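This document starts with one chain, in the form predicted on its own, laid out as structure tokens.
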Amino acid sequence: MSETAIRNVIVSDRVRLARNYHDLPFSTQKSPENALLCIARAREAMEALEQEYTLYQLNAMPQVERMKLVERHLISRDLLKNADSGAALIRTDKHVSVMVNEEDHLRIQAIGDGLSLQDTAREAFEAEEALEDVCTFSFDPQLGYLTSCPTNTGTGMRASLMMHLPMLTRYKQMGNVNQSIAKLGLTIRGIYGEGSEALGDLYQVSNQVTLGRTEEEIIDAVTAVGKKMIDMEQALRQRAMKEKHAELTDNIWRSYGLLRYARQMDEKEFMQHWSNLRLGTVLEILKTPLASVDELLTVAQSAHAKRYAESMGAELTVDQARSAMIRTTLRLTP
């Protein structure tokens, strides 16, 4: 499978590891001392690595800055629920982050491009090794890594692919796909994970089972399903180009026009048009660079738009600021 075919469908891949220190209760919510100890240990570990990490303590951050980290998928919405004790150590290149005091003591996360879960996992395990050098993790010889939620016990690993699947969505195939992959111990979630909506035809495909499988088996299973879904999506895109060419291109150009010239746009409408923009780009109907389209997915989210309005010192609503950022991005591209 070509790299182009992969990038046309997969926006990013991610590996997340759940870990707990062996000498502390798993929940730190009722023990500020233990929460601070977890942060101190994680900070010490990351300082030992060559690449630089920055510590973000959520209780010292404005809400809009916390949400910007969520929109960049560097921290989870669940960490926000524990903002009083939660923290994150984020590598300078934004490819690795360590959430502290979420559901578990540590959630170690690495984000990669395309279908490169093996390489992404290697980054996550490098951070994990440094963290365990400071203090041993809770581990059972039979069960594996012990976690707050039993569904994460075992490897503690979630491997996922963020996939753009507009044609599988429009041809109403996602229900069948979800049923098929559930039999393999995988699941499909929305853009921000469990319980979130699949805005912009974006779906996270990940393993549901962590116990009784090795890390390699999990990665192989998610990769195999990802390749199959790429083939299915590509086939439907070709079919649509033949059977519904006029309708498809009209939808794409309408979305491009609205994105480029609208003066205000809410998040849900933006995501709908963004999906058409990305589809038009990969089908070579539009000339907007794919990297710019994918970056727009982040910078046009609500917290980024709000911060943009504040930085400009302008009396703009979030929806107006979002449109201003979109117009600027699209004006700078062909």
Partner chain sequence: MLCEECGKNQATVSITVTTGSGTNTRRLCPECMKKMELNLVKGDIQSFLSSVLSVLGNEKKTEEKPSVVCTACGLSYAEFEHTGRLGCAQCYRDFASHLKPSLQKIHGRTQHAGRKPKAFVPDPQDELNQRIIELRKQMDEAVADENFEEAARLRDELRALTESQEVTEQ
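Residue numbers count along the first chain shown, from 1. These numbers come from a predicted model, not from an experiment.
In what follows, reference is made to the form predicted together with the partner chain, a form of this protein that is not presented.
- Three-residue candidate spot G144, T151 and T214; every residue lies within 4.5 angstroms of the partner chain in the model of the complex by at least one non-hydrogen atom.
- Taking a 4.5 Å heavy atom cutoff to the partner chain in the model of the complex, the contact residue among S302, T288, Q272, S27 is S27.
- Taking a 4.5 Å heavy atom cutoff to the partner chain in the model of the complex, the contact residue among D84, E247, D231, E129 is E129.
- From the list 253-261, 112-120, 214-222, 91-99, the contact stretch for the partner chain in the model of the complex under a 4.5 Å heavy atom rule is 214-222.
- Using a 4.5 angstroms threshold between heavy atoms, S160 stays clear of the partner chain in the model of the complex.
- Contact annotation: F139 falls within 4.5 Å of the partner chain in the model of the complex, judged by heavy atom distances.
- Contact check for V209: a heavy atom falls within 4.5 Å of the partner chain in the model of the complex.
- In the model of the complex, the partner chain sits within 4.5 Å of a heavy atom of E103.
- Contacts of stretch 110-125 with the partner chain in the model of the complex, defined by any heavy atom lying within 4.5 Å, are made by F125 alone.
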